[in-house]
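Considered here are two forms of the same protein chain, supplied as structure tokens in two stand-alone entries, structure 1 and structure 2.
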Structure 1
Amino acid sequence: MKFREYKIGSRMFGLAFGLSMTITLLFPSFDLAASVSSEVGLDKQLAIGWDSGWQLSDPTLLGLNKPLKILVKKDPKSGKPIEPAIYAYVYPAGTSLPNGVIHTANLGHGVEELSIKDGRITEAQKKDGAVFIIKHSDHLETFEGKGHPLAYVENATATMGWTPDDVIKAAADTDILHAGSGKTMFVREGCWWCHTLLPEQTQDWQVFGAPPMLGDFNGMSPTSFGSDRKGPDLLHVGSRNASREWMMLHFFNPRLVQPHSIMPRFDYLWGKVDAKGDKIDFAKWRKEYDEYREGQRTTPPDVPMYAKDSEIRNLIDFVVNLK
């Protein structure tokens, strides 16, 4: 190691590698940290919660530690009807709060200040749980010379006294979306190996909808854009098709509604029992389906209605919520 060349070489290496890290990591971090959460971004982060991949509170990805997105039609405190109905994001006691509430800087300039001052989000506590709603500011924020109302997060537990239990109790089951747990299913089952969540900035978006904007991902983890498309993009699938019946048939066996589909069957997400609590006989179903495919039956066997707390319900809730 007495060789002078190696000293120079090592320093050159440090310089070259350090320069490339500066350009590819440090410089973009300023731009990315400056992104202001859009209303779409707030909705996603509040509906999906803290994380959807592996986390200490959900080590086997069962969809635990997740909020509920609930359509609130009447004030859970006073019982007065709310017109039009609004969505509340309910974090039951013990659920990790979303990233933007724990690290408020994540919301971005303007949204952060409003959410703290008017929305009182810093008062939310994980141990008590909290209910959040999205509000729009009265005064216009100017950005590049144009004024527009900023959406911000309000802690409805602090401002209106709505507790998670109140909101859950007042809601019908059909108004509750398990979209957060559904995202965990989406990650665990590898839906994103074939379906992207990123329409491209070309003709692609005339079929699959608008490409996402800068503030649409704040607080989301993982973003699971996907890179390898073998099926349609799903970022706006709920706007194209929000039929739960279609989703149910399609997930149980995609060939029931689309004979040429190459999507796997996700019948195992139904679990052991159907909505009535009866045991699902998968072997019988598959046998009858094979008979139908071979022309021995005129109709395929009926798809069992999924139970309210089944994993497929979470996944369907997530998918129809992708507006």
Structure 2
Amino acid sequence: MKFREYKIGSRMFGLAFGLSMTITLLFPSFDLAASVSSEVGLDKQLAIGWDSGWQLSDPTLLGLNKPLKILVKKDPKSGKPIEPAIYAYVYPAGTSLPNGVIHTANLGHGVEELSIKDGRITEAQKKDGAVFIIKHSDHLETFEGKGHPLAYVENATATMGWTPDDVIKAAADTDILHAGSGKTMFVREGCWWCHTLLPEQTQDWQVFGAPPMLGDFNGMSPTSFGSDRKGPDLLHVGSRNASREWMMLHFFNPRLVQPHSIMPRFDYLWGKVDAKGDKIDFAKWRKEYDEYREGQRTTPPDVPMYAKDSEIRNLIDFVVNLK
């Protein structure tokens, strides 16, 4: 038979490739499916939402179909102060619910049961919207024998009557994080091509913080671990540097804070107008910056304050939320 040896070789290659993909992708999925979501994992999936990659509800990755993470300082129904303040994860009507609510098995044993029974998450409806909070169980001996309470998800819309509109109206803009939309910006702009979200178990601990645990990524899509590191790891960057002013300078032109940075400018994420509604003259700014770089000016030009509905606000919200 002509070229018989090529047929055998191609089949052997296909078998070896299939086996390697099984070992790489299928086997680890059993560990992931058996993992119990940590409080960090619950916060991530509730703050980010259903999917940060391409989706039919947001085909051009504009950050649509995303929840809001809101610091609640008073009960939106009664107006009574809440001390200490808590974070609520607000899903306006029509926003896709997080994976842990749609597929409760992603939460893991114990967390799933608590979230369904005590948290009533199965009563949440996409068409009506919902508000979620993270609660802690006292049933240590039943669900976890490690001496700390097990975190689970509560549907505050079902348990306390909180509606998305009520929570949003009661919050100041400074208490609202668009971290979900910002994750979409992070993926769309290719930030994970140069920055990882995965410190290694080496000297990384001393610089970037401890590596994540298995349950820290339940329900995340995509995880955005990254595969190369041309810049620092960002998993805990919000704990190292939560200055929005610094972030604003860095994203507008990284050379403002690090003269030898190889990071590209992301000034276009400001849009056309600043926080006051005035048109941003990018050409003028770059001309003045070049004058500063060449020593013709003693100070660089001021970076325009971004509008609250700009894409850069979303991206900065996501970055400062990484803790």
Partner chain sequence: MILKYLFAKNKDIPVGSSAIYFGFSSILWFVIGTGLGSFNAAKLAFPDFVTGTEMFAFGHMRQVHVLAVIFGWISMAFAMAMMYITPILGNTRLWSEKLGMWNCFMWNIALSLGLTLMWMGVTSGREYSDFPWPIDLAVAAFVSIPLAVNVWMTILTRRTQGIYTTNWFFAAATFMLIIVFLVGNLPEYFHLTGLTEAYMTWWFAHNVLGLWITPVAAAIAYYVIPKVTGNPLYSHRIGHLHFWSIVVFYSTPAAHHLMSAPLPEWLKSFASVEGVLILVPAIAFVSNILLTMQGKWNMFVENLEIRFTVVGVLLAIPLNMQGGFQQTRSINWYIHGTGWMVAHAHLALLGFSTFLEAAAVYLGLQTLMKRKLYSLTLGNLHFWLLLIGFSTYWISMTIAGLIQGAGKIYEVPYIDVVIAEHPYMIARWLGGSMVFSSTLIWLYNMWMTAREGTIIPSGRMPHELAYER
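Whichever C-alpha set is largest while still superposing within 1.5 Å between the two forms counts as the rigid core. Predicted model only: the values in this text are computed from it and were never measured. Residue indices: 1-based, along structure 1.
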| property | result |
| --- | --- |
| Structure, 1 versus 2, that is the form predicted in complex with the partner chain | 1 |
| Residue shift check between structures 1 and 2, rigid core fit, S20 Cα at least 2 Å | yes |
| Exceeds or equals 2 Å, Cα of K308 between structures 1 and 2, core fit | no |
| R11: CA movement between structures 1 and 2 [superposed on rigid core, Å] | 9.9 |
